[in-house]
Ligand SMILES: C[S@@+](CC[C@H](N)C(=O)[O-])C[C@H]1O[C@@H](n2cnc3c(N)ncnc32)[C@H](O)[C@@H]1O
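Take a look at this single chain in structure tokens; it is the form predicted on its own.
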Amino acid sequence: MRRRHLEALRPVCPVCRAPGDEAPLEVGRVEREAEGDLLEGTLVCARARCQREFPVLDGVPLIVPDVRSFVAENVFALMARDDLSETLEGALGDCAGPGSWLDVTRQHLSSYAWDHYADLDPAEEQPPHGDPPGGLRRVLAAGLALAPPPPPGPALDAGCAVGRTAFELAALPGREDELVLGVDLNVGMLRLASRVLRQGVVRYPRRRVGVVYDRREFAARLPGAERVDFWCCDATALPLPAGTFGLATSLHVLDCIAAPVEHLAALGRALRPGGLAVLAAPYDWATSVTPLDRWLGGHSQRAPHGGASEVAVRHLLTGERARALGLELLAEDDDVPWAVRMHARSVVRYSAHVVAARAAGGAA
């Protein structure tokens, strides 16, 4: 955790926070630190009656409301080793088998790291399916092109996954002095993003077929990295003061969280008046992640939105609904391609709905 981000963004306790009465987090213990980065230690709530601790592991703070439950549910990811040889990791993967925690983790890292960073891999070849990496960055560019430049202020990448779009935000022209914060709840992905940030190295398992993976490792020196940090936070309950950011992105997050409307409201609160939000989603709903009654479209075709997710989101970002969320629709593109590599012979192609919205209080 960069102390620069801690001091500038002033995170608050996600447990005892209340509007207008937010308790700041302070550094509690420092076990390991290097060049202004808190790598291992704790943050603590400054309020005497709270004093809850939030661990910092591998440079990533865990600022979530229920730390105990989060750690219990993610203990394997938090304690996972990343120093094993490719041979031994493969042997363990064979033993664990398909569908295991290890297999699911490696599949996610394979798909996301390929899309985020494979363009930097000198050994990367043109994929046989014809879809080059970098689809998510092209989605971001399409969203930014829909609106005027954002106002000054730090940038938030909500649901940053393995981190490339946070680095892209740091490299935007005219924003060379702005801090960037990437937040996610996936510990494995945040660990990969943190390694890129602090070591300038991408290392991930790229799936070839079944449970067969190839280790990929290469340099990633990205401009503006010194202004980027990654925190483990809930994107529906951001532990930050209202009005912190001038720009916020949420790329393929709405259909990957339990409470999409709460996420939109959290973005509205996090932005400064007139701040810009860029949203994108292919609306690949699944009840394993989002309860059916919280889907935005995808059901109830008798409703005014006719079951269409893009229409449901459009309704949320206009009129009274928009005022309640603090976000107003500026422009949209409902057909931006995005491809996800599954393995050497498989890719899933999506059409993303990309939206630019303005935070309440901006110029008309």
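One rule holds for the numbers: they count along the sequence shown, beginning at 1. Just so it is clear, the structure is predicted and the values come from calculations on it, not from any experiment.
The discussion below concerns the form predicted together with the named molecule, not included here.
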Item to complete: Indicate whether the candidate residues F167, L181 and A266 are all in contact with the named molecule in the predicted bound form, with contact defined as any heavy atom within 4.5 Å.
Response: no
Worksheet item: Is there any non-hydrogen atom of G159 lying within 4.5 Å of the named molecule in the predicted bound form?
Response: yes
Worksheet item: So in the predicted bound form, does N186 come within 4.5 Å of the named molecule, heavy atom to heavy atom?
Response: yes
Discussion item. With the partner left out here, check for me: in the predicted bound form, does some heavy atom of D234 sit within 4.5 Å of the named molecule?
Written reply: yes
Worksheet item: How about Y112: is it within 4.5 Å of the named molecule in the predicted bound form, going by heavy atoms?
Response: yes
Practice prompt. State the residue from L240, A155, L251, V196 whose non-hydrogen atoms include one within 4.5 Å of the named molecule in the predicted bound form.
Written response: L251
Worksheet item: Though the named molecule is not shown, can you say which of L247, L279, L136, V228 has a heavy atom within 4.5 Å of it in the predicted bound form?
Response: L136
Fill in: Which of 159-167, 94-102, 141-149, 269-277 sits within 4.5 Å of the named molecule in the predicted bound form, heavy atom basis
159-167
